[in-house]
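Below sits a lone chain in structure tokens, taken as the form predicted alone.
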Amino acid sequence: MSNYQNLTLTEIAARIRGGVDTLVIFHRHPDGDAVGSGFALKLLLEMMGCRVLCSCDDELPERLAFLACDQQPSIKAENIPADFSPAQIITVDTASSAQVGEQYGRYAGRINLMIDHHARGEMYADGWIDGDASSAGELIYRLSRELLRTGRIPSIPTEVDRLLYAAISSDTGCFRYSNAGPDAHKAAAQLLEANFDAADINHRLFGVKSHKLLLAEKLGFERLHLFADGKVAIVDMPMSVKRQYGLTDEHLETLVDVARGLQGVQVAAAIRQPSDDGVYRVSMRSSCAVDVSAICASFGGGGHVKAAGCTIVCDEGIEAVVEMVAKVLIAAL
């Protein structure tokens, strides 16, 4: 049992230091919530006199580059300047040390605060964890208003609100998912008062797909496996197919939606192989009472009741992983 404290909004706002070099870390394979909330926090900290860099083990997907707004040329940890030695490290939208990635080995014991909204995860620092929040963006929205209320910042720039709206919209599927509760909608309504182009944000997040992403979805449909009379759907994407068509993990983000979108499917999963070894990344989604975060937790992962992920190590091939995942999903129905 860790001795880390789960702080309140008031407490975490008071713990954030101004005027110091600060590193904001978000999880590997960043999504719109991680990027939007991370860069929004960067802007807020800069208003408090901090020199701030955002960092991640992986580079931004091309489709999310518009959320970085050229605030820095690269977020990859390997590109942090040698003379940047942060006095404050804050993680955002990162539920476990494993999601921090290789940086955790570098900064273990030095992470000051974590801000996260995943109901199942790991406390690896003092933090503000609210599993009822729709997104990390919703949490940073509340934090921004608290910093303003207490006089830590003089105002909230429109760019902060634009990034936070994008973060909330991203993690709620443009407010279509069950996590888009009243608080998410209220936050979005207030953010929209900043008068940025929300339609453009949602178009970029949900209405535009690259040719290779569409190709990946086509291949995913061809590799769709159905179980339990069509209630369970799994898409698999082995490294051999990725290599054949020149795909990267960035092009596989919507594979689970291919499985979930089929009529009659209650639980869906996408299984992808990031390299030639026996490591497989699994994304799960539920449209019923099945708690996929509990299933993923059994494999060392986590997430939300309706959306979660994990990593499975198996030397028997992707077919064995499909069979393994199918069995646990069928049993959970």
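Note that residue numbering follows the sequence shown and begins at 1. The structure displayed is predicted, hence computed values, not measured ones.
The same protein also has a form predicted in complex with a further copy of the same chain, omitted here; what follows describes it.
Enquirer: Taking 181, 185 and 206 together, does each of them reach a further copy of the same chain in the predicted bound form with some heavy atom inside 4.5 Å?
Expert: Yes, because 181, 185 and 206 each have a heavy atom that approaches a further copy of the same chain to within 4.5 Å in the predicted bound form.
Enquirer: When the contact criterion is heavy atoms within 4.5 Å, does residue 107 count as touching a further copy of the same chain in the predicted bound form?
Expert: Contact with a further copy of the same chain, no.
Enquirer: Taking heavy atoms and a 4.5 Å cut-off, does residue 165 contact a further copy of the same chain in the predicted bound form?
Expert: Residue-level check for residue 165: yes, a contact with a further copy of the same chain.
Enquirer: Please tell me whether any heavy atom belonging to residue 131 falls inside 4.5 Å of a heavy atom of a further copy of the same chain, as the geometry stands in the predicted bound form.
Expert: Output for residue 131 is no: heavy atoms all beyond 4.5 Å of a further copy of the same chain.
Enquirer: Wondering, does residue 174 line up within 4.5 Å of a further copy of the same chain in the predicted bound form on heavy atoms?
Expert: Although a further copy of the same chain is absent here, residue 174 would touch it in the predicted bound form, with heavy atoms inside 4.5 Å.
Enquirer: Taking a further copy of the same chain in the predicted bound form as the reference, which of 262, 123, 98, 239 has a non-hydrogen atom within 4.5 Å?
Expert: It is 262.
Enquirer: Taking 4.5 Å between heavy atoms as the contact cutoff, choose which of 243, 211, 149, 76 touches a further copy of the same chain in the predicted bound form.
Expert: Going through each option in turn, the one that passes is 211.
Enquirer: Within 4.5 Å, heavy atoms only, one stretch in 189 to 197, 231 to 239, 109 to 117, 247 to 255 touches a further copy of the same chain in the predicted bound form. Which?
Expert: Flagged stretch: 189 to 197.
Enquirer: What residues in 212 to 232 sit within 4.5 Å of a further copy of the same chain in the predicted bound form, counting heavy atoms only?
Expert: If the 4.5 Å heavy-atom criterion is applied to a further copy of the same chain in the predicted bound form, 212 to 232 yields 214, 215, 218, 221, 222.
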